[in-house]
Structure formats: structure tokens, C-alpha cells
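In C-alpha cells, the next block holds one chain alone, the form predicted on its own.
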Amino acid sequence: MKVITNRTYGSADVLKIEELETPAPKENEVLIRVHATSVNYGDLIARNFKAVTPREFNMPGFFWLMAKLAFGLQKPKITILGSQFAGEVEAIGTEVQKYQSGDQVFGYLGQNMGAYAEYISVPENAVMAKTPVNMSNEEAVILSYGPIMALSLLRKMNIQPGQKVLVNGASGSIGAAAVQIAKHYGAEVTGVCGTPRMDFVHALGADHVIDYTQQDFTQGAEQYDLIFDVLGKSSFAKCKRVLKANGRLLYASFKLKQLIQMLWTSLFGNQKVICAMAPGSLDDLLAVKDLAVAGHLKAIIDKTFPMEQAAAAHAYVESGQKKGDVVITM
């Protein structure tokens, strides 16, 4: 089978096509012919993790060290990227009961990755589900990362109809899903993004869109019940004035400073800082699937690249030009 490998850390050009042996499913595994995967933030970080400093890493130093050990100090331990997949069941192990050959499936592999390959073998109980019948592989693969993360985090916030929610980083995988999920909960949603992606965020259903290159939302007149900062770009000190009296600042990426602020605000004051992580569970994937089938979540694909152009796909995402998700077809 063909796979996209990164045997060294570096720019997008380190991605190469290689031939490897097709895996055989174990008794409890499903062999999947991958038709689509994607390029997300984690793929970019993992491809060149050697160059990521603790300061640049969007989590506390301890997590950076753990990631450094997991991904490899001088060269990658994970040489096949891709945490999202959509495709068709090719074969099943003797103990598999939920799936059969020919089933269309999509799912999330987590930090172990491996979806940049024509075939993958995964456990039957993996974060995987049957693809909605009205959805293409390219659309389904988008659902298996950002939406399950956003849903897991926003469920904890108990958003009520009529509340005002701001999503800082509304054009990324998690942010784009957060805009749609908050709208589904009945919130009035403001998305913050760069100039090229304003139309994209409007298309997601945002009621208001702020161009961060032109306006600092923390200096505006509006106040919010919830500010969801996907990449930890805003500070509590600045956000306090645009949070309502009982408002919450939710970080999906955070440093030690934000963890201390979470502890402090849990004891004092009504405005709260919340640092949360989403594991990417099967229950969340199934809930996302239900939202998509009901029309509350949509996948907006900017560009699709064949696997032979994986390097171009990564370079395009890193250029900051993308207006939606970028898919690689295998």
C-alpha cells in the first residue's frame, strides 16, 4: 500500500510517498481502505515538532515534554501522520461484530495518528462510526476531529438560548465547529478570525464576525456570557471587561498561568477561567454524527489534494490562505 511518511522533522517537503505492506486485521480489528484524511493543526505540529519550543507550544511545559518524548527528540517516532479518516471496511477480524465488509466508516485515531495511508487496521471499539448515508468521505472526515472536540468542551458550559458566545479562532477545525454547535444551542454567536476567512465564518452561521487584524474584541462594547478561546490567544486580564458579571473564559489551549487563574477564579469572584481538554471519545463522535444528520453541523471544504500532493496541502494550510478544511484523498 502507499503511505505518506515523514522520516525527518522539517518543512512540508519532508512528506514523501512510500510503499509499505498492507496490515492484516487482528481478531478484534477492522481493516479500512482510507479514502480521505485531512490536514489539521496537530499534523503540522507533529511534522516539525523538533522546531516547537516550550514557549510556542500551546500547553504547559510538562505537556510539551511529554509530547517531545512521544513524538521523538531528534527524529519522528510517528512517521505516518493523520488523525482523521473516512473510508470503507475492507476486511474484519474473526471477533468483530459491529462492522462488515463494505461498510462506510469515519473516525479519529488520536495522537497515535497513521491515517495518511491507503489502509489502516483499527480496533472495533475505536472512535469510529458508520458514515451518514448522505455524506461523502471528504465531508465525513471533517466531522471526526474539530466537532468532537468542540462538542465535548461546549457541553460542559451548559449554553442557554439567548446567551452571547464569542469564539476566538472561529475559522479553525475546533472553532468552526464551536460556532455551529453554539448556534445549535440557541446562542448569539460572534466569531473572531482573520480577514480572508470572514466569509467562511459567516457561512458557518455566525451572527457577527470580527476581523482581529482590524478590531480587538476585548476593546469592544459588547459583553459575552462565554468566550471560547481555541488557541489561548487572549488574556483574562483583557477579557474581563467584555465578560458579563457571571461570564466564563474557556481555554482549549492553555499555559500554567491560565491554570493558576482557573484555580483563583474558582475561589474568588463571579467571572471564571476554565481550562479544559477533550479526549475525543466514541460518544462524542456519535453525538456529532447525529448533529450532522439533523443538519446542525456542516463541513465546508476549501481544497482537496491527492495524496501525491500532501506536501502542497500542508504548505497551503501553513500559508494561512485556507478558508475551510483541507482534505487529502488517498
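From 1 onward, residues are counted along the sequence shown. No experiment lies behind these values; they were computed from the predicted model shown.
Absent from the display: the form predicted in complex with a small molecule. The rest refers to it.
State yes or no: in the model of the complex, is some non-hydrogen atom of Ile174 no more than 4.5 angstroms from a non-hydrogen atom of the small molecule?
-> Because a heavy atom of Ile174 falls inside 4.5 Å of the small molecule in the model of the complex, the answer is yes.
4.5 Å heavy atom contact, Asn58 and the small molecule in the model of the complex = Asn58 belongs to the contact set for the small molecule.
May I ask you to state whether Met157 is within 4.5 Å of the small molecule in the model of the complex, using heavy atom distances?
-> Output for Met157 is no: heavy atoms all beyond 4.5 Å of the small molecule.
Asn168, heavy atom within 4.5 angstroms of the small molecule in the model of the complex = Yes, Asn168 lies within 4.5 Å of the small molecule in the model of the complex.
Pick from 299-307, 58-66, 263-271, 285-293: which stretch has non-hydrogen atoms within 4.5 Å of the small molecule in the model of the complex?
-> This holds for exactly one stretch, 58-66.
Taking the small molecule in the model of the complex as the reference, which of Val209, Leu151, Val96, Ala252 has a non-hydrogen atom within 4.5 Å?
-> Residue within 4.5 Å of the partner: Ala252.
Would you kindly say which of Pro123, Gly194, Pro132, Gly205 lies with a heavy atom within 4.5 Å of the small molecule in the model of the complex?
-> By the 4.5 Å heavy-atom cutoff, the listed residue in contact is Gly194.
Leu231, Ala276 and Gly320 each touching the small molecule in the model of the complex (heavy atom, 4.5 Å) = Every residue of the spot touches the small molecule in the model of the complex.
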